[in-house]
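In the block that follows, a single chain appears as structure tokens, in the form predicted alone.
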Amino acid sequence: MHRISAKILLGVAVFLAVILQANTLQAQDAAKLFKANCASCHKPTDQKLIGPGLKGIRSRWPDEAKLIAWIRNSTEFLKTGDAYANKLFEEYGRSVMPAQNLSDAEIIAIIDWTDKGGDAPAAAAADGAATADGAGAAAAETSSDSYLYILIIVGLVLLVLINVLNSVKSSLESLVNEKKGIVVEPEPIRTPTEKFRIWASNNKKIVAVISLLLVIWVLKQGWDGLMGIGVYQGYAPEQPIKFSHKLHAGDNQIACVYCHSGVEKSKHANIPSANVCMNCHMYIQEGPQYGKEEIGKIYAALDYNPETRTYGPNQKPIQWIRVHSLPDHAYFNHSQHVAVGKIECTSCHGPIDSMEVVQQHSPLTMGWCIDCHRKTEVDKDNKYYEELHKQFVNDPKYKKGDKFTIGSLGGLECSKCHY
């Protein structure tokens, strides 16, 4: 009786674990898909960012098939003349949504997840709050933790049930032996270690399965730990002068290139020098958030007297703390992406215009870059790529319908970024 019950309970535990893990993976997949493909331009709530909020998006489209086609390639779908799509295109300043290399199942997963407004932690991350993993990741982590607690509770309940069954079995055996007049010598007193050794010896298959699962879990934890080395997603250091991108880029609509002038001309975006700040703050001497305190730090660094509007000789550099950093062996050119590729700042830096404190929005890993190169289509009308596009369509390996992506230009070759 004991062995049958234990096997049944073990089967139930495995079944529950599989179901819970499947649900966890579904929640994580939807959040990760949203984060990787949508979070730069959309929020999972009903709030607008660059594009519309995605909560309740299914109800706003008359046909789900059209919605899927729109998400996959909005440029191609606009050519169908769909009235709602064109209205949406005009409403958001004719901003072109990049084509998405996603399956129907993945798109539906994102729609299902955002239709309910996502998860609360994911929404907070998408809003630029100070969370470690940005949109979706915090929700997935919270969900995973919840399921882990559930599994622990289920395991404890099973242990209690097994113990109860053992007690019932012993009591029944004692009653049967007493009725038959069989005298059973009491079992010797054993330590918990000895009991466990005997149990393990009698249940070698169960021990082998548990040991294998423990080894897999340890290896998974080690792998995740190693993969996280050097990834600082969510890093938001406190700067020597409080600077709100939400105020400057969001509320006041100051273009990124006004301060980061090197982004269209150089490999580096460059940190603006203090004299760029003074173009405005020579006249604006008090801010709406921090008053004169933070602006006063700029004056102190420049040894500037706002009353006489004169500079002194004791100027010193502002020690800004770098937020985004790539390894020395990885090459990245801002001008190539911004001026030639027409990539928006938010594609990599996230909703920077809603951040009070700048944080690293994207993981900036090699896999993340390669995924972008595989999915991002090149504008065929861009004169810079005209000759390359001709070579692409005339290549013997070209098949009708192949997408002209950055990967098609050699963007997946190791030597493009590592040399």
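Think of the rigid core as the biggest set of C-alphas that the two forms share within 1.5 Å after superposition. We number the residues from 1 along the sequence you see. If you're wondering where the values come from, they're calculated on a predicted model, not measured in any experiment.
FYI, the form predicted in complex with a small molecule isn't displayed, but the following is about it.
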May I ask you to check whether residue 306 falls inside a 4.5 Å heavy atom distance of the small molecule in the predicted bound form?
no
With heavy atoms only and a cut-off of 4.5 Å, decide whether residue 177 touches the small molecule in the predicted bound form.
no
So in the predicted bound form, does residue 287 come within 4.5 Å of the small molecule, heavy atom to heavy atom?
yes
Using a 4.5 Å heavy atom cut-off, state whether residue 47 contacts the small molecule in the predicted bound form. no
Check, residue by residue, if 243, 259 and 322 all come within 4.5 Å of the small molecule in the predicted bound form, counting heavy atoms only.
yes
The one residue among 104, 344, 112, 194 placing a heavy atom within 4.5 Å of the small molecule in the predicted bound form is 344
Here the chain appears without its partner; judged in the predicted bound form, the stretch of 152-160, 84-92, 204-212, 167-175 with heavy atoms within 4.5 Å of the small molecule is 84-92
Comparing between the shown form and the other one on the rigid core: C-alpha of residue 37 shifted by 2 Å or more?
yes
- Message: Once you overlay the rigid core, does the Cα of residue 363 travel 2 Å or further between the shown form and the other one?
- Response: no
Check your understanding: Once the two forms are fit on the core, has residue 74 moved its CA by at least 2 Å between the shown form and the other one?
Key -> yes
Shown form as baseline, in the predicted bound form, CA residue 45-residue 367 shift of 3 Å or more puts them closer
A change of 3 Å or more separates this form from the other: in the predicted bound form, the C-alpha atoms of residue 366 and residue 35 are closer
